[in-house]
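Just the one chain here, the form predicted on its own, laid out as structure tokens.
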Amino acid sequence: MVLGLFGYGTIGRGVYTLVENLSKKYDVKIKKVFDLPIKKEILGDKLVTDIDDIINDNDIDAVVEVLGGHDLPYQVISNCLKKGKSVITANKEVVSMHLEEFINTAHENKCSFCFEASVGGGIPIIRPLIDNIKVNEVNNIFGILNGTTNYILTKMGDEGLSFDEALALAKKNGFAEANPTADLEGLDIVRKINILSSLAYKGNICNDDIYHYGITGVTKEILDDIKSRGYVLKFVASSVKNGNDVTIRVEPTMVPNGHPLSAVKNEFNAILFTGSTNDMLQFYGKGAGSIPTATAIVSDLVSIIEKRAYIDYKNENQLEVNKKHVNSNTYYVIDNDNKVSLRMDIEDEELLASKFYARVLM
């Protein structure tokens, strides 16, 4: 197989290294890499600076897209699929917005669209979920889906670091981007829970309809108080389906000691989903870092070579998200006078107006 690579950043380098070390039986050759001219010294003649040099190269069978962002990756993925090139991506922003379109385009052009690395880093979750829903109706999805924020909360809770210290350490160790806003405010998690929910519930979901609240207001004092109550703070995505109505929330959550999510630390992720026939399934592994993500990408590549990468997406409806939801959870709320209370039946507007809040998982 002849491969094109879009992006030679942290993840792209990991992909390049893993592909170079693949077993010879897979016979994969990276022919071209798209990136900035500054990478010429590293990549030599393999470097191209025009995306069309890969898109229009008839010798290239498949591509890996790890550029980040939306517009250019969308152009790359769409055009490559139309040319009959299989595409592998880790781009949760583009996948969450165009999942059905990409899968349909791949089917029309007899190629594959694979996106295992878009959710959960190195955790194999997409394929097991797709296989599971063939015989099992998934009712809910629950989990820690961002390694950066879980790393920050772990360092603050276990080692007493301040938020800024923990964030700086996450950047130093390669778990946080230079601009970590999408992680800290929950946008990254929104995209991931959208992908999982769209697949599980067989319908389209708009990112803008998913409620999210970030962790930038977390302090050591808050974590100490939560710990004294027998809980640990985690940044959690929850998704529940009831008919055509879906409730999806991304918010700081007090997880009781002993719950499976309470022991998920550092850059690790955990995903739980419950179905009609097999009850709860749990998936655990590294959710951040170049090598775990690159591993998921190369696993998709192997699945294409072995002709087991077909993904079907039966869109049955446009799902109504958070439209009729009455917020009946219990919340730990710190008001603007620093008064702490546990509240039920509290409206989202009041939660957002508080100094900080966290859902209490019972």
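Since this is a predicted model, take the numbers as computed values, not measurements. We number the residues from 1 along the sequence you see.
Form predicted together with a small molecule: not shown, discussed below.
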{"property": "Residue stretch of 228-236, 145-153, 158-166, 94-102 approaching the small molecule in the predicted complex, non-hydrogen atom distance within 4.5 Å", "result": "145-153"}
{"property": "Residue among I210, L196, V264, A288 with a heavy atom within 4.5 Å of the small molecule in the predicted complex", "result": "A288"}
{"property": "Heavy atom within 4.5 Å of the small molecule in the predicted complex - the one residue of V255, I248, A200, A176 that qualifies", "result": "A176"}
{"property": "Close approach of K192 to the small molecule in the predicted complex, 4.5 Å, heavy atom", "result": "yes"}
{"property": "The small molecule contact in the predicted complex: E116, any heavy atom under 4.5 Å", "result": "no"}
